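Okay, so here's just one chain, in structure tokens, the form predicted alone.
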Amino acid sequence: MKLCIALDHIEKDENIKLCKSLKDYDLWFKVGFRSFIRDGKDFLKEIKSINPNFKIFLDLKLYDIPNTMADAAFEIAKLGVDMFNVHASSGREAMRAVMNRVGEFENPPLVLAVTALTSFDNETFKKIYGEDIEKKAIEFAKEAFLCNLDGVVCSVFESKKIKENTKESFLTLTPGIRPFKEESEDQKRVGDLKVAKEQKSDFIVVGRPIYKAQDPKEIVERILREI
């Protein structure tokens, strides 16, 4: 299991300060919409300059027509990030188009498909997708698996069943982890480190419990000891 830290500070300088405080660890960092739109590709380079072993997950959740998604995926791969994601609900044609384009690179980034956002509860999700979360998440994961993606983004509660319906090496990245049972805030389907281990998560994404802590380094060390 690998730790991926969400760089969701309001200011770029605070994100960089956090990365520098953790420069002695080989970590993954999640760069989302706000940080990437505000700070751009130079921000990605700056993260890597702090520690070349840092890995970047660019969390932009691509969703568009297949050709547009493939073009965007190609540009993302050129940025040198280590992982990015698309929406599984974009469909097989789009996911296959993305994989064909990133396959042109010698060392392509990992590509994950988002199944169901962890901000959804089952009732809200069902109104939009017409199915219960767990059933649809597994269905989306199987589609992504058939399209040769590397894995999926899912809640911690679907991770193990997704592996059972695809294969053990099919990656699961689980957002919204509250490692020591912190408040879930706007996330609905969250779990702690014990649940993540039981559910065989490959990547856990932790944001506020780290970057809002008085001593983020101490929290990171605690998490790394646990995993």
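Numbering starts at 1 and follows the sequence shown. For clarity, every value in this text was computed on a predicted model and none was experimentally measured.
FYI, the form predicted in complex with ligand C5P isn't displayed, but the following is about it.
J.: Just one of 96-104, 127-135, 114-122, 72-80 has residues with a heavy atom within 4.5 Å of ligand C5P in the model of the complex, so point it out.
T.: Result for this chain: 114-122.
J.: Among V205, I219, L22, I16, which has any heavy atom within 4.5 Å of ligand C5P in the model of the complex?
T.: Comparing distances to ligand C5P in the model of the complex, the residue within 4.5 Å is V205.
J.: Answer for L3 alone: is it within 4.5 Å of ligand C5P in the model of the complex, judged on heavy atom distances?
T.: So L3 does not count as contacting ligand C5P.
J.: Given that ligand C5P is not shown alongside this chain, does K55 nevertheless sit within 4.5 Å of it in the model of the complex, heavy atom to heavy atom?
T.: Output for K55 is no: heavy atoms all beyond 4.5 Å of ligand C5P.
J.: Can any non-hydrogen atom of G191 be found within 4.5 angstroms of ligand C5P in the model of the complex?
T.: G191: no, not in contact with ligand C5P in the model of the complex.
J.: Would you classify K161 as touching ligand C5P in the model of the complex, given a 4.5 Å non-hydrogen atom cut-off?
T.: Because no heavy atom of K161 falls inside 4.5 Å of ligand C5P in the model of the complex, the answer is no.
J.: May I ask whether K30, K61 and P209 all come within 4.5 angstroms of ligand C5P in the model of the complex, judged by heavy atoms?
T.: Yes: K30, K61 and P209 each sit within 4.5 Å of ligand C5P in the model of the complex.
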